[in-house]
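Below, in structure tokens: the form predicted alone, a single chain.
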Amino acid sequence: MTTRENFGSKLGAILAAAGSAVGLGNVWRFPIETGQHGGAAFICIYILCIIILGIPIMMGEFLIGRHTHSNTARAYQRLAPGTQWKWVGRLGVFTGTFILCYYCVIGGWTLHYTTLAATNTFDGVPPAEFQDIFALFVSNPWMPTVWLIIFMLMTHVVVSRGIQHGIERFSKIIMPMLFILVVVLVICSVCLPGASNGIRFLLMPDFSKVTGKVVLGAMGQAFFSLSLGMGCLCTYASYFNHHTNLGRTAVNVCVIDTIVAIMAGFIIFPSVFNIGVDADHLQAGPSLLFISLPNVFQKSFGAVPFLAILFSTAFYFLIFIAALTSAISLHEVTTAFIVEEMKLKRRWAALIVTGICSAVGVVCSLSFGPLKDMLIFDMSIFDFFDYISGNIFLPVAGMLISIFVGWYLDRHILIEEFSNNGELRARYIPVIVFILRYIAPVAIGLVLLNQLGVFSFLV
């Protein structure tokens, strides 16, 4: 019997978990939510949601993974043998795979736009043509597929090399690079002539815009931004050693994720305000990253071509890194499952995951072109994958994790794991249990209803 691999250091464990949490949600969804919901006011509520919801649920996932040292599916079987709780673990594996199938499409887009920025393709492009550039690219049956496969092969190389020599070593290199890029981009952005308005927007709360929907939006953003319910954190925690402080690690990961998200705002909003664009009218989703921002960056830095090239390239490379670190964690969820349940060697398990997700990813990519008329519940294939995973799978998984840890698990297991068998004084355990029992399930239930549009329908 081979010994199961663990992370080799505390830093490696934290950076890997942070890499899983830091993703496209930090630079894709967070700026939109912030722009539409009062700037600093939304950020204040978001941070509160991270503290109340994010950290306890993340600790719950860490506990399940570290206690069992198993893939997500087997973890629940070991903790609740002979019960239906096994389906929560299987849901995590399925959700991680499901998300990676369309996430790799966006990862390919980030690679493509990095090359466009680096080759100064955006120089002199009229504002109206940025939408045409993006539309022509995503509707092309070949180019997005090529970039998607390159992105998946990069992910595959890291995962196939294992935990210490693959994921941990990669995280120790790429996460510091991500932080350096973020800092450099923030400095460049806040030095723009009209940056003060964007900075003021992010630092001075406008609580008049705060409504119940804003609070629900902040809860949803906090939940999705931290990669909760995807099986990633549970899987990574299964490689933690028994000296890892679960509470401190969860706090560190949440702090890193929140800082990156807020700093992404300091990259985007000073640039946006510099050219006189109202934050309320920022386009959502792909339109923000691949249509609005190329135009914004050209207008902001176009007077100095070299700076425009450097800023745009660094920004899209930053997005690519964020996408890659999250994709690696999603890939590992399914790879670990196949290795342990099907008894295959890691390189073959990783190859299976890469092949399946690439094939389904190609179908998702083609839904912008040749397969655009193929609809599922009036949604394109790509939109269907995005909607089902974000609006149903993740909140349902998060709710079940909260109930499982808060109500089902033996109290002794919680004390054992959070205190590292008595080495730590984990006085916060009653608070965490209370949140997981009573607050988190209700809050996530409200988020789920909001995502499904129930409240809008009632109003």
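Just so it is clear, the structure is predicted and the values come from calculations on it, not from any experiment. Residue numbers here begin at 1 and follow the sequence given.
This next part talks about the form predicted in complex with a small molecule, which is not shown.
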The small molecule in the model of the complex has a heavy atom of only one listed residue within 4.5 Å, and of S238, T110, S329, S189 that residue is S329
The one residue among T249, S225, S389, S171 placing a heavy atom within 4.5 Å of the small molecule in the model of the complex is S225
Of 128-136, 150-158, 230-238, 350-358, the segment with heavy atoms within 4.5 Å of the small molecule in the model of the complex is residues 230-238
#### Entry: is_contact(T34, the small molecule) in the model of the complex, heavy atom dist at most 4.5 Å
no
At the 4.5 Å heavy atom threshold, is A21 in contact with the small molecule in the model of the complex?
yes
Mark N26 yes when one of its heavy atoms lies within 4.5 Å of a heavy atom of the small molecule in the model of the complex, and no otherwise. yes
Original post:
Counting only non-hydrogen atoms and a 4.5 angstroms cut-off, does Y103 reach the small molecule in the model of the complex?
Top reply: yes
